Each structure stands twice: as structure tokens, then as C-alpha cells.
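Single chain ahead, written as C-alpha cells, the form predicted on its own.
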Amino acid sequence: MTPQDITKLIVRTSMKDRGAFDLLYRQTSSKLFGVCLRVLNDRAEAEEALQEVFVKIWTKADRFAASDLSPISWLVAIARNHAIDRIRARRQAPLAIDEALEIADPAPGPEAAAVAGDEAGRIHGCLEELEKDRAAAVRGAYLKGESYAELAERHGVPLNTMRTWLRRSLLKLRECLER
């Protein structure tokens, strides 16, 4: 079927010609179904969307402007836009502001923040008790995320020595924190 034939069917459909609409459906439904299926990725939903697309075509065929443009492009645009609208409709509607009051804040409360601040102070105090290079290695490994190899290179020691420094330093930190 040529684009001119499809244009004629759309024009006749705008005049509520059921025969033209039936023929338009038979000639274009497979292509429009493919568009819906590609966007929705669900066969059952694509079938439902296709039915809704043809209801739109029936009710809005009078908006089609016959021109040199391809009529199938107009039909595909309707199908694509409708499928995208269905995806958007799947998303949950935003909650009302009053419902947001019931959502708990994941941040620590004032008491937990005070305890964490106290613990951080204790940890920094214990780090001060370590030798300077050992404390720098612990800070680099556990606060800055540096690798053992990077720390060993920066401090000019073998890799296994750096591992020993860190293990012994952590043991000293635990002893200090348990006091």
C-alpha cells in the first residue's frame, strides 16, 4: 500500500468511514504494534496500547494534515508517544508533602552525632600515640583509601613491612580505644 493510499484511508477515517478504518488497521497495525512493543518491552501491554492507539487515530484522524510527508510517520508518532505516556504512567505519583513528614531521616540524630563526635575524638587521640609514620600510614590506608603498595612506596619500605606496620598499628589503636 502506498503512502497516498494510507493518506486517503486516514482522511476517510476522519469522516468516520468504518470500512476505511478497518482497512487502515489491517494495513498498519503490525508496524504500529512493533513500535509499541519496542518501547514497552511487554507483549500484553503493547497489545493494549495498540488498541488505545487506534482509538486515538479514530478520534483524531481529522487532525491529520495531508501533505508530502509520510502518513505512516504520523501514525508511528501517535503510537510511540502513547507508549511513552504509558511508561510515564507506570511511575508512582509523587507523595503529598504531608506524607513526606512520615518518612524517617536517615541521618543520625543529635545523640548519635554526639557519640560519633566523641568516638572520632578518641580515635584521633589514639592515632597521636602512634609513631608519626605509622599514624600517617593508617590514615592513608583507612581514611584516604590508599593501597598498601602506594603506602609502602611513599614511606620507602617493603610491602610486607607496610602490612606489618598497619596490623600492629591497628592492634595498638584497639588497645587504646579499650582503655
Partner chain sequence: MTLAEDNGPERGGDDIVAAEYVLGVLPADERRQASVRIDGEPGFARLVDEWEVRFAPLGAAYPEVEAPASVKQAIDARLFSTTARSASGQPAGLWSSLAFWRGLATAAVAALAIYVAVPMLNPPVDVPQERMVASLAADGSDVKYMVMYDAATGEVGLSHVAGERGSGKDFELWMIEGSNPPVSMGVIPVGATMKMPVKEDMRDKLAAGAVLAVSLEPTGGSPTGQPTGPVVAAGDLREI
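Rigid core (definition): largest C-alpha set, two forms, superposition within 1.5 Å. Bear in mind the structure is a predicted one, so any value in this text is a computation, not a measurement. Positions refer to the first chain, counted from 1.
This protein has a second form, the form predicted together with the partner chain, left out of what is shown; the following refers to that one.
This chain is displayed alone, yet in the predicted complex one of Asp62, Asp42, Glu153, Glu129 has a heavy atom within 4.5 Å of the partner chain; that residue is Asp62. In the predicted complex, the partner chain lies within 4.5 Å of some heavy atom of Glu146. Remark: Leu173 counts among the residues lining the partner chain in the predicted complex, judged by a heavy atom distance of 4.5 Å or less. Within this chain, Asp133 is remote from the site of the partner chain in the predicted complex, having no heavy atom within 4.5 Å. Looking at Leu177, you'd find a heavy atom of it within 4.5 angstroms of the partner chain in the predicted complex. Contacts of stretch 42-67 with the partner chain in the predicted complex, defined by any heavy atom lying within 4.5 Å, are made by Arg43, Glu47, Leu50, Gln51, Glu52, Phe54, Val55, Trp58, Thr59, Asp62, Arg63, Ala66, Ser67, listed in sequence order.
After superposing the rigid core, the Cα of Met162 is displaced by 2 Å or more between this form and the one not shown. Relative to the superposed rigid core, Val39 undergoes a CA displacement smaller than 2 Å between this form and the one not shown. Residue displacement note: Leu171 has its CA displaced by at least 2 Å between this form and the one not shown (rigid core superposed).
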